[in-house]
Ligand code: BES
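Okay, so here's just one chain, in structure tokens, the form predicted on its own.
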């Protein structure tokens, strides 16, 4: 579904769209087109539905009726928002995501959305959240079905005209937010498409090529380090992880030059398939390991959005891409590899490969002159155990950078929870044969995973975001089907804006 959005200042009841959408809060008097349907004698559809407890305005509960000519639109949908005191911009995003799914299921070509009752105090952010929800909720992966009449294939590129009726809201800031929301949602959907693509179609060379294409379109500088160049640079960590696959690793360097200071590095883990290597994963659910490149995907999506927003700082995006496979040439437990900065890693578990490839990427970012490093990866199952699918874990060596990341996530509706770094945790990954070992065990697994990567940042402020629980989730208002979410595109883009001084 391709959204073509407009701003309207008239009465939504006069819209001739195929579908008109309004929002209702629990225990509040209906307004706008809802009051017209509820109040007109003999046509009190919504009032009757409320009396019969068919609709209670509960959060994400919705009710629909044909209007039978009493509104300009053919069909009305009323979306429940729950209690007014629980209202948030993220609820706007999710409610509009549900609307996007409804519009997709109904195959409508036009809809009118009355946002006059949604008051966040920030009209720009309201516009951003509203369009993000529609674009994200209405998206689905095309798939590889033989039949050409599958709904996904038919709807993927179908344009849908959306008219937002603002009421008393100011059009200019709403439009500015809407423009930003479209940029971010499109980048996020690109990442979701990467996540859905199977690994036989998206191995390291292919992901690097995809990144090159995106960089060219966004007018970013791009450099791809192949296995020969990685070897010349002494990147033994990423080469070690990738040596068991017939598809050699790649490292993609993206550059946005905003002409200001500081220099921010965004780094993502790009394991296009993670079998676990010699430390083989259980077979059940292994097909989901095509998603293990979503950290790198988020960096690519964020760089695309940053190039569009043009903040006044330099940003380096690094995608550390490899395939982790078992074979006669694969890395073995007990092997020692040397990272770009000379630090050695004892590999005690080949299924803890993410921190190994990121060792080269992070130390290379330091070499390139990064002042701040923010890295994201689907790193540990422990993050899912601790936080479930509701939040990403943060491990940071610098309080100010951590505050920026947390504030960015809060503004963008991506929950982040900071975990502690205690000196005692370092003892867990001490090695008798190398500088560190890559897998210290189950204790504090998410924390030590982030701390191991931080070792390669040196004195540069560093933040690690573990998105193992948020990068792919079950179906919901923003995900029509269980799968990739594109998480951290919005947060990473907002971090760049904050460091550039655009946000307080």
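Positions refer to the first chain, counted from 1. Since the model is a prediction, treat every value here as computed from it, not as a measurement.
FYI, the form predicted in complex with the named molecule isn't displayed, but the following is about it.
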### Message
Would all three of 374, 411 and 490 be in contact with the named molecule in the predicted bound form, where contact means some heavy atom lies within 4.5 Å?
### Response
no
## Note on the structure
None of 267, 379, 359, 134 but one has a heavy atom within 4.5 Å of the named molecule in the predicted bound form; the exception is 379
#### Entry: Position in contact with the named molecule when the complex is considered in the predicted bound form, options 274, 404, 114, 314, heavy atoms within 4.5 Å
274
### Task
Counting only non-hydrogen atoms, choose the one of 289-297, 70-78, 205-213, 219-227 that falls within 4.5 Å of the named molecule in the predicted bound form.
289-297
#### Entry: Touches the named molecule in the predicted bound form: residue 308 (any heavy atom, 4.5 Å)
no
### Task
Considering only heavy atoms, tell me if residue 472 and the named molecule come within 4.5 Å of each other in the predicted bound form.
yes
### Message
Taking any heavy atom pair closer than or equal to 4.5 Å as contact, tell me whether residue 355 reaches the named molecule in the predicted bound form.
### Response
yes
### Query
Might residue 189 be said to contact the named molecule in the predicted bound form, defining contact as any heavy atom within 4.5 Å?
no
## Note on the structure
Within 117-142, the residues having any heavy atom within 4.5 Å of the named molecule in the predicted bound form are none
